[in-house]
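Below you'll find only one chain, the form predicted on its own, shown as structure tokens.
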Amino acid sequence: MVRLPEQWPPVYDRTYVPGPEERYWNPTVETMTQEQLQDLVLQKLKRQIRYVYDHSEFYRKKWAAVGFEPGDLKDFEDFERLPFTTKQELREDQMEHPPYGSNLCISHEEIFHIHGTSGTTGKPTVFALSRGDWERMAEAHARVMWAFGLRPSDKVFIGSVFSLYVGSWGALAGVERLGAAAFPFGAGQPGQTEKAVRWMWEVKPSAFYGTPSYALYLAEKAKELGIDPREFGIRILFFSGEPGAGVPATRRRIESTYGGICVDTGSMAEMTPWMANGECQHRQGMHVWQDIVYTEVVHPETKQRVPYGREGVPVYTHLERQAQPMVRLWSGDLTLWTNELCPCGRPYPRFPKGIYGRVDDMVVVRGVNVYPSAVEDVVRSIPGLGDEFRLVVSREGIMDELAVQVEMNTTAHEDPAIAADSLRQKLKSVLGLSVHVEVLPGGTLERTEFKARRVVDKRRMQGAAPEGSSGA
């Protein structure tokens, strides 16, 4: 049996950095067998659950309703008795117990950082982290960054919004902990993308962090300014916030545009350290770093764990969190997982296709489940088409109609009619339904420096109720 140190949550040596040729940041854990990893995760899970029970009113009430106490947790089957946690529950709890909710497990004086996201009602969801949480996040992110090839000699351009959004700050903390040079440029201000191009041209960062949409938008702006994005010299581009980095055609487009490798990372802001889903240098899907955040994949309808090789919804549990720990947080995302070992040798399960959709982003058109990521993969495989696209769903009479709006690349020489016909045929083959294709001039669709919104469902605007999901 793997023996844990007595101290929980763990305290890591902040001065430690492996030699640049070392393969693993934490070889003790990263070279375990899968059985040893399971044993380690269960021990950490028991400690986290005991801590949550002792400090969280929110979870004590939830667990009392199912008759659960920490002593009942003997194995993973016992753990699966616990109810899921939803974002809606967290919002409602914070409205009833403002601002942090009844799941704040530390005193107000111990809060080190405050982050959050805006909910569907406009009421922000507040996340508090202790100083220890922040340091453990930095440690976890540095470990994953090391796995995909980042080293202290790198300069990392952080091209995402510095606000309550924790993604930028988490990337920055990991870069700093690893010892690389941080270039926290940000995004979101008018004219900032053009400035980013000029700064990148001058400074020549070797790595880039942001969303896939913004990386493609920035490359488009660079070309308008007469600069080939390959001349920046970026060797690693790593992403979160969108499924694009795991979409094969988008990955190929990013890599061919910049000449660097495209790396997929990320889970949820609530689950910080969110990089506990992250690829290694082999880029065969995101590793699920189970000793940092314990992840299950469950069926979206039955809510039961699905076997490896099947699709489901990731459900996350913190293993090293003090302030506002999450237990069985329902992500609403869609993925497929496998326990086949990666060539890197790490024992973690993987999401070989990344996070490729959301249960609530999927649209059902004439009984067919349509995921924006599937359309993205087709759009970005057609020569001459630009990077932006929209799905527009409408209902005329009793039939749903799906239109895909795309742009021609501003430098393309292909015939728009031929590109449209090619896209129409490929979409019909992939989706199994006929699609109307609208080809627009380059620059027509709105660009984003953050997360792209790809679906416009006019059925709601027209007063028609969209069809229900046909399941996973």
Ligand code: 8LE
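All values derive from a computational prediction rather than experimental measurement. So that there is no doubt, residue numbering starts at 1 and follows the sequence shown.
Beyond the structure shown, there is the form predicted together with the ligand, which is absent from this document and is the topic of what follows.
**Request:** Let me know the one among V306, A269, L402, L73 whose heavy atoms come within 4.5 Å of the ligand in the predicted bound form, would you?
**Result:** After the contact test, the surviving option is A269.
**Request:** Only one of P325, P349, G167, P229 comes within 4.5 Å of the ligand in the predicted bound form by heavy atoms, so just point that one out.
**Result:** Comparing distances to the ligand in the predicted bound form, the residue within 4.5 Å is G167.
**Request:** Examine M286 and determine whether its closest non-hydrogen atom to the ligand in the predicted bound form is within 4.5 angstroms.
**Result:** So M286 counts as contacting the ligand.
**Item:** Any non-hydrogen atom of I254 within 4.5 angstroms of the ligand in the predicted bound form
**Value:** Contact with the ligand, no.
**Request:** Would you check, heavy atoms only and a 4.5 Å threshold, whether G241 touches the ligand in the predicted bound form?
**Result:** Because a heavy atom of G241 falls inside 4.5 Å of the ligand in the predicted bound form, the answer is yes.
**Prompt:** Heavy atoms within 4.5 Å of the ligand in the predicted bound form: does E220 have any?
**Reply:** Close contact is absent here: in the predicted bound form, E220 is far from the ligand, nothing within 4.5 Å, heavy atoms only.
**Asked** Just one stretch in 74 to 82, 331 to 339, 92 to 100, 175 to 183 has heavy atoms within 4.5 Å of the ligand in the predicted bound form, so which one is it?
**Response** After filtering at 4.5 Å, what remains is 331 to 339.
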